[in-house]
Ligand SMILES: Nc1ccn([C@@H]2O[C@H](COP(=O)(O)OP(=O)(O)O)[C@@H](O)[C@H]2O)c(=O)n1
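We begin with a single chain expressed as structure tokens, specifically the form predicted alone.
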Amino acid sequence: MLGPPVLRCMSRATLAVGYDELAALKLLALDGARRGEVKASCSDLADRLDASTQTASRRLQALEEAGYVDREVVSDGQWVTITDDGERVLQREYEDYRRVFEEPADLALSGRVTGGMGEGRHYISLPGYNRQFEDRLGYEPFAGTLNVELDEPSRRARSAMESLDGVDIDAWEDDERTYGSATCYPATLETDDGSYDPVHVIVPDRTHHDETKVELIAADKLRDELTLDDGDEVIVRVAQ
């Protein structure tokens, strides 16, 4: 869930990587670096980027420092692999272009209901969050979240949410600690027997979060409203 105190700051990747570096990352992916190691030379990359060899080298270094590629430099070049973080960046770029060229469609994430750690009940009910939920989502959430373990295709598709317009929940603090910010994405929860609308997918604004699950909040206890048990299959249809 929203978890322990988190101070939001710019990540190392945000500081190091811009559009020029993403262009280099795209070329590496086209060469096959998303699937495994590829041999790369700065001179070849420079020609394709219409840049100097030194500039190409700096862009590769920036991608490595940001955690988007792994590199092994050898005498006649370097072996490069795109990391999971690098793949997520490319997926977000893809989703942006898909929204440009395709008609908007809901993002459907499939998975199974699973138990959580029980932290949601505590954090959802904290006054600094609760006031914002009421003001910005239009309801007071049930004190708890519904956890959905995503299937493999939905885990890959999940990154598309980051290109959508969500509802910002601001960080706040009390006398003892600071609580992190989050983003809520409006959605509908569907089962074989019915649906519930609205729900919101709540995503803490941290550098990393669990890509295998989504957490849902709603005005009512979703397990009771839709008669859900652990292991039941559901679809989370996120509005675009």
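Throughout, we count residues from 1 along the sequence that is shown. Quick caveat: nothing in here was measured; it's all calculated off a predicted structure.
Just so you know, the form predicted together with the ligand exists too; it's not on screen, but the next bit is about it.
Participant: Among Leu146, Ile82, Leu109, Val89, which has at least one heavy atom within 4.5 Å of the ligand in the model of the complex?
Facilitator: Comparing distances to the ligand in the model of the complex, the residue within 4.5 Å is Leu146.
Participant: I have Ala33, Gly67 and Arg71 flagged as a candidate spot, so tell me whether each of them has a non-hydrogen atom within 4.5 Å of the ligand in the model of the complex.
Facilitator: Not a single residue of the candidate spot has a heavy atom within 4.5 Å of the ligand in the model of the complex.
Participant: Is Gly138 close enough to the ligand in the model of the complex to count, meaning some heavy atom within 4.5 Å?
Facilitator: Contact with the ligand, no.
Participant: Using the partner position in the model of the complex, report whether Gly116 sits within 4.5 Å of the ligand, counting heavy atoms only.
Facilitator: Contact check for Gly116: yes, within 4.5 Å of the ligand in the model of the complex.
Participant: Look up in the model of the complex whether Leu222 has a non-hydrogen atom within 4.5 angstroms of the ligand, and give yes or no.
Facilitator: Result yes; Leu222 sits at the interface with the ligand in the model of the complex.
Participant: Would Ala218 count as a contact of the ligand in the model of the complex, using a 4.5 angstroms cut-off between non-hydrogen atoms?
Facilitator: The answer is yes: Ala218 has a heavy atom within 4.5 Å of the ligand.
Participant: Go through 90-98, 71-79, 138-146, 155-163 and give me the stretch that gets within 4.5 Å of the ligand in the model of the complex, heavy atoms only.
Facilitator: Heavy atoms within 4.5 Å of the ligand in the model of the complex occur in 138-146.
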